[in-house]
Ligand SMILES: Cc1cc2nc3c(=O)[nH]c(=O)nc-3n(C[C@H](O)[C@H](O)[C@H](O)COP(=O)(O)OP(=O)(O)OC[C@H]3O[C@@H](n4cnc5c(N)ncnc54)[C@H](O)[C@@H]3O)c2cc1C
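Take a look at this single chain, the form predicted alone, given in structure tokens.
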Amino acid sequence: MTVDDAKQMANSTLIIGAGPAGLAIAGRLAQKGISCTLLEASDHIGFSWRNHYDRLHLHTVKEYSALPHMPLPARYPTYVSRLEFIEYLEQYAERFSIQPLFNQKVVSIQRNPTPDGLWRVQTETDTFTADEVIVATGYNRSPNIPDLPGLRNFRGILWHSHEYRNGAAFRNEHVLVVGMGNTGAELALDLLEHEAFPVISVRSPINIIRRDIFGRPAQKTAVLLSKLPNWLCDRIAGFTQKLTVGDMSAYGLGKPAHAPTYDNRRGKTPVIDIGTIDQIKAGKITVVSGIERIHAKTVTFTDGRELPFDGIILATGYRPGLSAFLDQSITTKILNERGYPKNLWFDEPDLKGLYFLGFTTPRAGVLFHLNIDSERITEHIAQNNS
């Protein structure tokens, strides 16, 4: 499909983003025989996956990480690598004849002022209209760079985690990783394996679970727990965490007030550990408190310590960045305090036809729930178009 063809296709469905979420909903719509157009800001499918750090693997098992109607290849390992997943995304697009319009960065989504009720999507070069718009740009669209005191004074290497590929450049150097989510924990481990001296700065207690518990992937257990009442799920998760991870407060990670499942329901994803905590316990990765001030070559922490560093990696996460292209009249109605959509769709007449996919972090895994949520959206669209 050409851009000119798509621009003429009013009364159609428009998908924003050709990552896993965008492909998942496009695949479902194809199976239903519903035509759609997919816009992608870059020139590749799965662009963000192509730019993640080298050692990245899915933290979820392959059985629960496939997109709708197409399992991951049997030859893939239990935890699929970054490059394998990119290969799969390309195969998925080919299987369902998904042909995104590339280099179409969306700058505005708003309701058409004319009586037709269509949505108008403006990219940097073109304008499209559609009955339905599915925003599938992902929860990690925009790097979050905090305004740390003195950050601009630092004279060593300063990267956000999205710029990090591997730790080869930091051999024999002292590197501060700011933040210990899944990315921060894994980058610290990668730095250690490249013979650097990693230090992780942590402001508050961290909820950690092992990726595999007693030889069984934690995700499979999470799927089972999700069927239980929340109070029972939390009790089991807390007990398992205590048994497999232990009290990490002696190592600077604090003691979480709640079970990992409790925090996860409130949008705070626990760290899925693949070896970092063992290295912390062994003294090979150091944990320090929050940052008080950054200097030219050192960093002062809230506990009074001042340590020298050759590099700083900001593993401070991402933001969905939806306000960059959604009209303010829309964002005030649909976004929560963290900037994420509150629902998959909204029933208000002025929001009819606007959908959001891939913005939740459920304990059973993002990819697992893409199947569930993409089916719900597809059925809703089919019913409204019948």
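Heads up: residue numbers just count along the shown sequence, starting at 1. In this text the structure is predicted, and so the values were computed from the model without any measurement.
Omitted from view is the form predicted together with this ligand, to which the following refers.
This ligand is not shown here, but in the model of the complex it comes within 4.5 Å of a heavy atom of Thr183. Taking non-hydrogen atoms only, Thr60 approaches this ligand to within 4.5 angstroms in the model of the complex. Using a 4.5 angstroms threshold between heavy atoms, Val106 counts as touching this ligand in the model of the complex. Residue contact check for Ala18: one or more of its heavy atoms lie within 4.5 Å of this ligand in the model of the complex. With the partner removed from view, the residue among Gly252, Gly311, Gly138, Pro217 that has a non-hydrogen atom within 4.5 Å of this ligand in the model of the complex turns out to be Gly138. Contact with this ligand in the model of the complex, defined as a heavy atom within 4.5 Å, is made by none of Val271, Val287 and Thr300.
Across the options 50-58, 330-338, 27-35, 348-356, residues that bring heavy atoms within 4.5 Å of this ligand in the model of the complex belong to 50-58. Interface residues of 20-41, taken as those with a heavy atom within 4.5 Å of this ligand in the model of the complex (partner not displayed): Pro20, Ala21, Gly22, Leu39, Glu40, Ala41, in sequence order.
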